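A single chain comes next, written as structure tokens; it is the form predicted on its own.
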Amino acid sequence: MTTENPKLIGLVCERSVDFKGHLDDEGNMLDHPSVKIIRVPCSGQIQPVMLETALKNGANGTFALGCRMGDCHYREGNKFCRDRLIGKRMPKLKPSVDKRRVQGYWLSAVEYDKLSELVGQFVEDCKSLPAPEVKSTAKAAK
């Protein structure tokens, strides 16, 4: 069973792509309404567990977005994030995470159109994947 309208969560560095005029009031991309954007000060703060949590709570895909390599305001945050996603730096993604559902993009403030294209392709890729299994972390009340 595939997903017709996949829900994606993007954790994005506030200094990378400029989203001004591209998000609705709830932080969803206007040209990809099923994509929720959550801003962080630097992609170096994005931990793999954050991406894993999005997937465990029903997202069909998740991505990290940081500045272009060499352009990090905080020196190497984007490199740290990229290295975590590809397994070169701790903490890494858990082996149980479906890597087809996790992406990393490294773009500058003026590259919204390129991001939109990449996210659009990711949305299409997620449509062909089976619906994720949602694992509830809430404890049952006695």
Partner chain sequence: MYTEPLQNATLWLERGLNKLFSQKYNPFYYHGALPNFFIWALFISGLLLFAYYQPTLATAYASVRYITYELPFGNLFRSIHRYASDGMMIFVILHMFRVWFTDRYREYRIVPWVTGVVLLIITFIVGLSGYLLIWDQEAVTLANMTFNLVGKTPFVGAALAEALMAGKMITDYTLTRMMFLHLGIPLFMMFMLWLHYLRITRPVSEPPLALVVMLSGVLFLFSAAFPVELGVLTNMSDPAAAPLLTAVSPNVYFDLLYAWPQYLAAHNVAPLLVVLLVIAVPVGLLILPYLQKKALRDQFAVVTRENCTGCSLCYNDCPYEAIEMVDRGNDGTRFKRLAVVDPGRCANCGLCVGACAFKAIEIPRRDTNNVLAEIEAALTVS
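Residue numbers count along the first chain shown, from 1. Worth saying up front: this structure is predicted, and the values here are computed from it rather than measured.
Although it is not shown, the form predicted in complex with the partner chain is what the next lines describe.
Though the partner is left out of this view, residue 54 does reach within 4.5 Å of the partner chain in the predicted bound form, counting heavy atoms only. In the predicted bound form, the partner chain sits within 4.5 Å of a heavy atom of residue 14. At a distance threshold of 4.5 angstroms between non-hydrogen atoms, residue 97 is out of contact with the partner chain in the predicted bound form. Contact check for residue 111: a non-hydrogen atom falls within 4.5 Å of the partner chain in the predicted bound form.
Against the partner chain in the predicted bound form, the set 36, 76 and 106 is in full contact: each member has a heavy atom within 4.5 Å. Scanning 67-84 for heavy atoms within 4.5 Å of the partner chain in the predicted bound form gives 68, 69, 70, 71, 72, 73, 74, 75, 76, 77, 80, 84 in sequence order.
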